[in-house]
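A lone chain, given as structure tokens: the form predicted alone.
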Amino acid sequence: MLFSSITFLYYFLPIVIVVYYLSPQKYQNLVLLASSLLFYSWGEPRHVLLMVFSISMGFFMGLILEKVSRLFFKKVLFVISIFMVLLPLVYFKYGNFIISQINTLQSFNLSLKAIPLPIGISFYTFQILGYLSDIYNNKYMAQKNILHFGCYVSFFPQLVAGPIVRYNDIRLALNSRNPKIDDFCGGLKLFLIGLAKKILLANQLGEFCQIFRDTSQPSVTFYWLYAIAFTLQIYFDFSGYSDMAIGLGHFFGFSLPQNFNYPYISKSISEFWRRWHMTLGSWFRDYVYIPLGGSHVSISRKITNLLIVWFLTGLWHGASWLFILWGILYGLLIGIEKLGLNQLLKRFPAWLSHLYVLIFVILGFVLFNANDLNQAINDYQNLLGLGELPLLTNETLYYMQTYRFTFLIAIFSSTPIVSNLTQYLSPKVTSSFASIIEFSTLVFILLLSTSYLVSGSFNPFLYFRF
């Protein structure tokens, strides 16, 4: 079930909210757990048992880890628990990739099977792994109520595409919460902003990208417009989902972590990744990079640690060498920045630092979105004007005119200009007038988004495939 669907917006969500608030507090987690399992099984009925298995495994292994006091046995048990939790992810997401590499390296002929990837498995697996790691390191007590733990792992707002929520983020709220009307209104505002990002911007940019792939009259300009369009699409698609997830969390009294912070205003690649998919970056930092030694090691070891983290980051996004190359690219760039480029970037004019970041981000997403290496190489050749394409065609000009406002609004909205302008103007108008403007805008967003959904103009969230 998609957040950006009529079924979710006008049937599932209102019913869940009504049932949740009519239920006694001691049953509210049960309502959320049942709703989350229904939400997941709506699109993945075959894989809901897999998620239940992962929940059960994480819950019981956490209890056992807490009971073991001897360090050696605790380490052994921790390794076993990590292996058990990772096993479904490895099988479903990387099974065919591993077999294909074995066939290539050893000249075997092992058969490949079509293994459907369970939606959201990367996200909920990482939540369980983080939980078990924290229990192992005695950061908090294990959850004793399997319904509470199941609610944490399966919580439908962030279940299938993040943000990756740490157990400690909502540990207290799982036991007791009392959302206020301001929380609900704030959540509704954030949810509708995310819906607008998805329906009104990401989907339109996605249509442009599809038109580009289907065109019979490509040009160098068209390739650059496609690269920029996808860079904007994936931002509004994923940050829109994150906004909706965080807003939904407020509905039920949970404060989910921020996942994006205007990454395209960054002045370095390191800063970009502190602003993009923040919960994934912090997860790898705390559970991989720091345990490897982090930055408190020699330069060579520091770069090695970075490359390990970014190799895994690329692999997390998909079982493909393209994703691995994409991850290593950013690992190398961040490593170069740590070796001294960061100091040089601080001396550059701000616009030049921004340009450096945007060029590498745009080119990186071209690799990220390619179907295979040949397509990626072809895209890069044409972007650089090496593919014997004209600079401009009539078709390119037509679509530039058709989508010009979409591009302008998307570029404008990817910066904090609107937020800063709102903060600047809010003290200058009465609170009642500001409330009327805000309410009218949100109603307009809901109605316009609904009209697009009714007309069938939407596509799935990009990060569902991860």
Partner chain sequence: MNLFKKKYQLILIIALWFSLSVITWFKPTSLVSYSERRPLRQFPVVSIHNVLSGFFMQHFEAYALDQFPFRESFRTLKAFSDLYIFNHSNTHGIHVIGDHLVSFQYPMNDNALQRAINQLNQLYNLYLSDTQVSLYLSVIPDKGYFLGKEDDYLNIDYSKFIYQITTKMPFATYIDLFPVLSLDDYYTTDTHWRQENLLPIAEFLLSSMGNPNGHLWNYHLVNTELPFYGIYHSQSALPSKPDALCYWTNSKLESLEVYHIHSNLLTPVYDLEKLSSFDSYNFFLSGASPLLVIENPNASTEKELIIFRDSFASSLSPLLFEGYAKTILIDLRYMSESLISEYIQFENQDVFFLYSAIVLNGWH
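Numbering follows the first chain given and starts at 1. As the structure is a prediction and not an experimental result, all values here were calculated from the model.
Keep in mind that the form predicted in complex with the partner chain is not shown, yet the notes after this line are about it.
Undergrad: Choose from 399 to 407, 413 to 421, 25 to 33, 52 to 60 the stretch whose residues reach within 4.5 Å of the partner chain in the model of the complex, heavy atoms counted.
TA: Of the options given, it is 399 to 407.
Undergrad: Examine Leu201 and determine whether its closest non-hydrogen atom to the partner chain in the model of the complex is within 4.5 angstroms.
TA: So Leu201 counts as contacting the partner chain.
Undergrad: So in the model of the complex, does any heavy atom of Tyr20 sit within 4.5 Å of the partner chain?
TA: Heavy-atom contact with the partner chain at 4.5 Å: absent for Tyr20.
Undergrad: Can Leu192 be called a contact residue for the partner chain in the model of the complex at 4.5 Å between heavy atoms?
TA: Taking the distances in the model of the complex, the answer for Leu192 is yes, it comes within 4.5 Å of the partner chain.
Undergrad: With a cut-off of 4.5 Å between heavy atoms, is Glu271 one of the residues that contacts the partner chain in the model of the complex?
TA: So Glu271 does not count as contacting the partner chain.
Undergrad: Considering only 1 to 36, what residues come within 4.5 Å of the partner chain in the model of the complex, judged by heavy atoms?
TA: In sequence order, Ser5, Ile6, Thr7, Leu9, Tyr10, Tyr11, Leu13, Pro14, Ile15, Ile17, Val18 come within 4.5 Å of the partner.
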